[in-house]
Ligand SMILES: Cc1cc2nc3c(=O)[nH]c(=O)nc-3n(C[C@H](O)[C@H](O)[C@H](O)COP(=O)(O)OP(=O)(O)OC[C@H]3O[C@@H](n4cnc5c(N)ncnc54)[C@H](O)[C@@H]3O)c2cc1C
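The data below hold one chain only, encoded as structure tokens and taken in the form predicted on its own.
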């Protein structure tokens, strides 16, 4: 695609995210509520990019549906842009969002509680503090869980000392504190997992933001990436940026060259690879292999992969009827596990439920993903794509979207950084206001 067309696509796919996934569905579904024979009850578990989007758009598509959103926390801290906190260019408040607008503007019942069980036969959700909630349709957006058993010596308790920071919040603050406390000349080790995992470009944006901080505060320091993979998302763009902005600071070790981490020795602050080599870090960011969130396993929504198989047109579980799974936890064809993907899936799922309750056929869905990454505060790169269903699986629409050009000038990179900030403001507004 030529430069203008591609940049316009990325700009508008972010700024108009409220309708990108569901173009044409509003007119098809607006009459659903009037056709319903009873007030249907839909319960949505998880108030992140998938769940919050689904709740808001279900109300828009079928305003007479009784919607309850169950979310343990009263505020949601986004993983997108949490790397900027590590780099010192944002604070936690700027990536923290509340649910008041969803409750007041969209008549959504917000329940801050922990879900302890799901009964797909009785169609009930049990919470720790409020007892059972009945549903006609259930949406589960549980995010990710960690495969602690795949890294010897690492578990949830140890992660309070050796941060993964792959769920934003206290882990982000811990890693930032450790980075600030490190002496100049220290070594930071970042260990990304194998695919699939949440936010494929995320570890490399994190390295970039750490390098930005270190360059301006601890310039003698080094960053070592021990990667379980032999290639990663937007790799040529990241590496070009690293060479230009942080020469000599970042070393990447691919999986087949010794990058696969198999264990950690917390006494010596060393990571151990599959070859038995040991790597000592002053700060270690160990990101474990991943699976669907704990609730998906409790509810029996996962298959042998550890993820949730779904009908990729409607996101209804292939295991339990009338239960939908969206976001990072589901198997969604070629779509990456990202915030924008979850937002898109939430809207499509809302449309599918509204159509089903209203007695309509589900229109052909369209899905979108746009991912911006910062290599420096004024140096952005991006990837975007449109997806469709083909042979019951989500595939990329050929010729859609694209990746930032490798040799773009400084103005282009600066504009992409601006677009990235605009994307974040747009999508969080779309979710929470």
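Positions refer to the first chain, counted from 1. None of the values given here were measured: they were computed from a predicted structure.
If you look for the form predicted together with this ligand, you will not find it shown, but the lines that follow are about it.
Do residue 114 and this ligand share at least one heavy atom pair within 4.5 Å in the predicted bound form?
Residue 114: contacts this ligand in the predicted bound form.
Heavy atom of residue 380 within 4.5 Å of this ligand in the predicted bound form
Contact with this ligand, no.
Taking heavy atoms only, is residue 70 within 4.5 angstroms of this ligand in the predicted bound form?
Answer yes; at least one heavy atom of residue 70 falls within 4.5 Å of this ligand in the predicted bound form.
Does this ligand get within 4.5 angstroms of any non-hydrogen atom of residue 327 in the predicted bound form?
Contact check for residue 327: yes, within 4.5 Å of this ligand in the predicted bound form.
Tell me the stretch among 303 to 311, 147 to 155, 210 to 218, 77 to 85 that has any heavy atom within 4.5 angstroms of this ligand in the predicted bound form.
Contact-bearing stretch, as computed: 77 to 85.
Of the residues 286, 188, 295, 108, which one places a heavy atom within 4.5 Å of this ligand in the predicted bound form?
After the contact test, the surviving option is 295.
In the predicted bound form, which of the listed residues (192, 281, 143, 241) lies with a heavy atom within 4.5 Å of this ligand?
Flagged contact: 143.
Looking at this ligand in the predicted bound form, which residues in 337 to 362 have at least one heavy atom within 4.5 Å of it?
Heavy-atom contacts within 4.5 Å come from 337, 338, 339, 340, 342.
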